[in-house]
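Only one chain is included here, represented as structure tokens and corresponding to the form predicted on its own.
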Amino acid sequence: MADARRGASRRQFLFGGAVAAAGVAAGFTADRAIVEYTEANAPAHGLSTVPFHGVHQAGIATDAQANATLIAFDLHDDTDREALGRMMRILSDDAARLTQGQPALADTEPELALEPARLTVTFGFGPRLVERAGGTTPGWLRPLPAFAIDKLEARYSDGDLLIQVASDDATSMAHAVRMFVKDARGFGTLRWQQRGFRHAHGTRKPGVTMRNLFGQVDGTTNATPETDDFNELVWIRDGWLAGGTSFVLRRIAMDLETWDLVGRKEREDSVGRTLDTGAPQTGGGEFDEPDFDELQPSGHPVIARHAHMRRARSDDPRERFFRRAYNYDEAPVGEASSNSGLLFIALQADVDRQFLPIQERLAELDILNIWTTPTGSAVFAIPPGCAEGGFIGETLLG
């Protein structure tokens, strides 16, 4: 212990001496140098916050954070309308605090709440919750129809209450998730929890399209938040959901083992984009429009008829949605070498009008279906935001 103390003292002395020398050279004191050293190394991004209160819930138009955890609950049989109001008041209050870097009420680890790193919390309601609340259920708020490509598992599907927690810091996110699980367990049972990731904060410039684990750019044609186009595609305009939206989650397993055997040309043909820049195979840059009429010398289309981007496109401008996907990579099962995929999140004003036509075309013919399998599916209504003193869901439960 004595040696350890002497070592620590020597390090302190050397550090202090270096700072003092720098201070003398620059004409200021060692105390000032230490202050500036501390400020320069402060965790600036960890203190970044996103407002919780507002017309819309955060976590939708918000620039996607590096990490996200989605949790769904099944309501207890005795959780009635009055209990739902209590639950959403508790959840909203804790979310309002945590997103601003403040501990939740009864937070047993308050130190973990101090660096939110753009933490957002988004709540969604399943059809059974809306029914319990006595509200009008939109026609689209139901499980998606069965598709031939699906191999859905209950442990990744459906649910009565959705909580999406996202942050650029995994520790802050995990702490918030734990708080919400504790908040909700008196009203429901945890049905599933799914965690995803994107590129870490600072890895890429803002606005650069994410890549999925196939190495492909993912989300090139997204609408830009806070534009008229985005507002028209995403936000619902009437009823208790005015200012809210719909949320479709598709958990898509990606067969990386067989993908590894595919050549680069075939990989690009599967989507219709080049892997290096994400540009259409017909030329230009990532955000240039493809020319679906351009032919090869053989007479075949440059962008194949079964290519993902061709099947996802429509002449009807209403058949679009906003995507906010996350990769997942979990422990392999059995003899497999990977267990990876995409948590595909689609946000739109009307699932039936905007999402379903595209999903039906992809299920019918999309070459990517060779390497991808939907294993989870869920649909939720995302209520509007709330003002300070209010709570999420008050347009339904208030």
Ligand code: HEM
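Quick note: we count residues from 1 along the sequence shown, nothing fancier. Everything numeric in this text was worked out from a predicted model, so none of it was measured.
Heads up, the form predicted together with the ligand isn't pictured, but that's what we're talking about next.
The three marked residues, Ala104, Gln164 and Asp183, fail to reach the ligand in the model of the complex, with no heavy atom of any inside 4.5 Å. Note on contacts: among Val50, Leu362, Ile60, Ala66, the single residue with a heavy atom within 4.5 Å of the ligand in the model of the complex is Leu362.
Comment: the ligand is not present in this chain, but in the model of the complex one of Leu241, Leu119, Val271, Met88 has a heavy atom within 4.5 Å of it, namely Val271.
Proximity to the ligand in the model of the complex, taken as heavy atoms within 4.5 Å, picks out 352-360 from the listed stretches 51-59, 329-337, 352-360, 66-74. Among heavy atoms of Leu368, some come within 4.5 Å of the ligand in the model of the complex. Although the partner is absent here, Gly284 lies well away from the ligand in the model of the complex, with no heavy atom inside 4.5 Å. Interface membership of Gln193, defined by any non-hydrogen atom within 4.5 Å of the ligand in the model of the complex, is ruled out. For Thr221, a non-hydrogen atom is located within 4.5 Å of the ligand in the model of the complex, even though that partner is not displayed. Within 4.5 angstroms of the ligand in the model of the complex, the stretch 224-248 places no non-hydrogen atom at all.
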